[in-house]
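Only one chain is given next, in structure tokens, and it is the form predicted alone.
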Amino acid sequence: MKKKENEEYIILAEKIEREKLIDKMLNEIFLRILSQIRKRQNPFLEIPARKKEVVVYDEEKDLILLKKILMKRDFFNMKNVRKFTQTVAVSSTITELLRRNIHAQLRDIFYNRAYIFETQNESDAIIEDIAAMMGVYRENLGVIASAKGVCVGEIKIRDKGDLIDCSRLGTGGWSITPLVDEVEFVDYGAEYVLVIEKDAAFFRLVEDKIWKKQKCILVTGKGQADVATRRFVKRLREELKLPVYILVDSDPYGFYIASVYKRGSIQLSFDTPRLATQDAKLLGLLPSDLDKYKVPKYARLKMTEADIKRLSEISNYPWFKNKRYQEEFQLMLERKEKAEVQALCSKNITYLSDVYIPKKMEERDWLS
């Protein structure tokens, strides 16, 4: 799974003009297929393979990327005919979106072509195939996913002409838009970004106004991060030069969520360069923190067999071979313990804001 020397991988283009993308869609899909039919050939498309086997870890860049391997999806093939038909149909819908200069949610696309799909997972995968085939980001195609992220803190944002002050939105925060690349950063007073895995811990920190005390921007993806939240965090780091720290539960799933923000995901490996914040730091909650901060035993949870299996899987990922990560994994496995960030509330309700985060930041106690 590690990148080999001189191995090519998929790198998507920056935003492409809509008219040029329409021409690209027409020429590379519809006109090409029409030409093949006229020549009495077997119509086919060349799609970048997106199987787990072609995902690679570039150790030098510390990123999960997709090898550039094309596979033929042809019409006169019983294994491929269904996907070929789906790809052409969805490409037609996308071309219409581009011509009308409008956007559609992933769910909209599924219902628009529901007669050829059994589930939305099928249509989502076809859309990702088309984005990879065109060499552009999915949003460039006019297709967006539901965004669930929220932001609070010392930053002002302009969204479609509206000025939003994320420090003056009560305890609710600003809902990150799916069209996050169209947002403009106007002004900010924060010194770093703190990404929180879960909404409950996020709310605790917002109500404690830690963003004001620590001069930070709080962001949550409410669990596994959506594309818009990951892109928003990446832009904060890239454009405002704000360091990024991540706070997740002390369990295998928390470690993987943090890794997705930092290195990208296996599923969207073709979109990694745009979404991954490579130098983000994992602040906690680390297994070693449970003793260091004297989290009582009754606030710790017993790992399930599924947890242990997942820990075994991620322990073998090459991007987790770092000594510090392995030490934390070993400690978790030996004790068969996990804990939610809110376990720190067993000390006192505001312990997370008053003690844990300030001390971790002061001691620079994080995993790179």
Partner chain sequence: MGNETFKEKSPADFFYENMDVCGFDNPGRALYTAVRELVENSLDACETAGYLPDIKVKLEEEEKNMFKIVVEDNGPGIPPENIPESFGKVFYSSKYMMKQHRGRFGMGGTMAVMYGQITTQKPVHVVSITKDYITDLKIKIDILNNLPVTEPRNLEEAVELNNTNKHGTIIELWIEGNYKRSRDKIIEYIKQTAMVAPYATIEFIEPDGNRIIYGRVTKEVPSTPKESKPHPKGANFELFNRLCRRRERDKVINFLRKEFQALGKKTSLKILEMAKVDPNKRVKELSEGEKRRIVKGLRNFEGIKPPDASSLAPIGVETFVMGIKRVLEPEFVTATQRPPKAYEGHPFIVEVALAWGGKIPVNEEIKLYRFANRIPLLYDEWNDVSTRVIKKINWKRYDVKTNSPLAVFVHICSTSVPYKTLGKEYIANKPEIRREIHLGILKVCKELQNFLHKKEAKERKMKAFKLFSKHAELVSRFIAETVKGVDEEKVRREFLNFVSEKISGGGFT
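Numbering follows the first chain given and starts at 1. Predicted model, so just to flag it, every value in this text is computed and none were measured.
Heads up, the form predicted in complex with its partner chain isn't pictured, but that's what we're talking about next.
- Contact with its partner chain in the predicted bound form holds for all three of 33, 88 and 115, each having a heavy atom within 4.5 Å.
- Using a 4.5 angstroms threshold between heavy atoms, residue 209 stays clear of its partner chain in the predicted bound form.
- Its partner chain in the predicted bound form is approached by residue 42, whose closest heavy atom lies within 4.5 angstroms of it.
- Using a 4.5 Å cutoff between non-hydrogen atoms, residue 82 counts as a contact of its partner chain in the predicted bound form.
- Interface membership of residue 37, defined by any non-hydrogen atom within 4.5 Å of its partner chain in the predicted bound form, is confirmed.
- The stretch among 324 to 332, 23 to 31, 337 to 345, 307 to 315 whose residues place heavy atoms within 4.5 Å of its partner chain in the predicted bound form is 23 to 31.
- When its partner chain is considered in the predicted bound form, only one residue from 294, 99, 160, 72 comes within 4.5 Å through any heavy atom, namely 99.
- Site annotation in the predicted bound form: the residue of 76, 185, 298, 111 reaching within 4.5 Å of its partner chain with a heavy atom is 76.
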